[in-house]
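Take a look at this one chain, the form predicted on its own, written out in C-alpha cells.
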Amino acid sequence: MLNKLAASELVLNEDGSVYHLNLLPEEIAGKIILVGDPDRVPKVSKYFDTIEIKKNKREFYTHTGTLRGERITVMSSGIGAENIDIVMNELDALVNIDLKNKEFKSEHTALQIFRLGTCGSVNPDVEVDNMLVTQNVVGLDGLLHFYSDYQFENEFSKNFLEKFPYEKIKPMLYFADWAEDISDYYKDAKYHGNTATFPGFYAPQGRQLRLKAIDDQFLETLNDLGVTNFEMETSAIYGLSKLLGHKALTVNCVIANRRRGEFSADHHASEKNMIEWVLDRIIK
C-alpha cells in the first residue's frame, strides 16, 4: 500500500507508543494545551477534576484527565521550534495514522491545540502581566521551509517581507496565522497581535553577552514592521497545524517589555492567572 510507512519513518517504542511523546492514541484528548516547561504541566492539571494519564519521556510530560465533564490533555514541549516539530508530528500520528499497521487513516481528525506561554513585547504600549493572543506570526527559524507543501501569504506577511531589511535572514522567514474559527475562545483578551518566533534566546532576541547581535535596533525594527511580541514556538505550531489540518491558538502572558525595560514583578502570579483564564474559556 502506498500509504504504508516504513519503520524508520514512524518510529515507535516497544509498547507501540510514539517515540518521543511515549503516548498511545487513547491517552490524549481532542483539546490539547501545550506548555514549554514540564513544571508547568502539573500547574495546569491541578485544576482538572480527574487525571487518568501521567506519562513522560525526556522533556515531554503529559497529563490527561477531565474538567467539567470534558476530556483534556496538557503537555510540555520543551523549548523551541525544533521540539514543536516533534510534538506536532507525533500528536498528528496519534490521531491520523493507524500505528499498528503504519497506514494513514481514511478519516481525518482535527485537534484543537492551545499554546500557553510567556513572552516579551517589542511594543512600548503593551503592559506586562496581560494576555496577548497571536493572530499572525512570522517564523525566523526556517522550519517550515523543510516541508514541501507549505505556502502562506496575507497582508501582514507581504508588508513584512517588503520592508524587512536583513537580507541574510530573509530566506528563513515563513508566516502563519491563528485558527480563526476557534478564535472566539480568546475574544476578550486585552491584546491581539503579531508574534515573531525566534530560533534562540540571545542574539535572535537582541541580547548581547560576549557575542554581538546582528543589530542593536533589531527589536525596534520588528516593531516598526508590525510585530507586537516574541517567543520561540508559535510559528511552528501555527504552520504545522495548517499543514496537518489542526486548529491552533497561542496566548502568552507578557512578562517583559523590552522597549520599556520592564519585567513582571510576580510572573508566577501572572502564569497562574493565565492558566485559569484559558481553562475558563476553552472548557465551559
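The first residue of the shown sequence is 1; numbering continues from there. All values reported here derive from a predicted model rather than from experimental measurement.
One more form of this protein, predicted in complex with uracil, exists but is not displayed; see below.
Which of these residues, Leu240, Ile33, Met232, Ala248, gets a heavy atom within 4.5 Å of uracil in the predicted bound form?
For this set of options, the contacting one is Met232.
Within 4.5 Å, heavy atoms only, which of Val74, Cys119, Ile113, Val137 is in contact with uracil in the predicted bound form?
If I apply the 4.5 Å criterion carefully, the residue I get is Cys119.
Would you classify Phe201 as touching uracil in the predicted bound form, given a 4.5 Å non-hydrogen atom cut-off?
Yes.
Even though uracil is not shown here, does Ile51 get within 4.5 Å of it in the predicted bound form, heavy atoms only?
Output for Ile51 is no: heavy atoms all beyond 4.5 Å of uracil.
Would you please decide whether Gln205 lies within 4.5 angstroms of uracil in the predicted bound form, comparing each non-hydrogen atom pair?
Yes, Gln205 lies within 4.5 Å of uracil in the predicted bound form.
Residue-level question: is Val41 within 4.5 Å of uracil in the predicted bound form, judged on heavy atoms?
Because no heavy atom of Val41 falls inside 4.5 Å of uracil in the predicted bound form, the answer is no.
Using a 4.5 Å heavy atom cut-off, which of 220 to 228, 251 to 259, 42 to 50, 65 to 73 contacts uracil in the predicted bound form?
In the other structure, the partner sits against 251 to 259.
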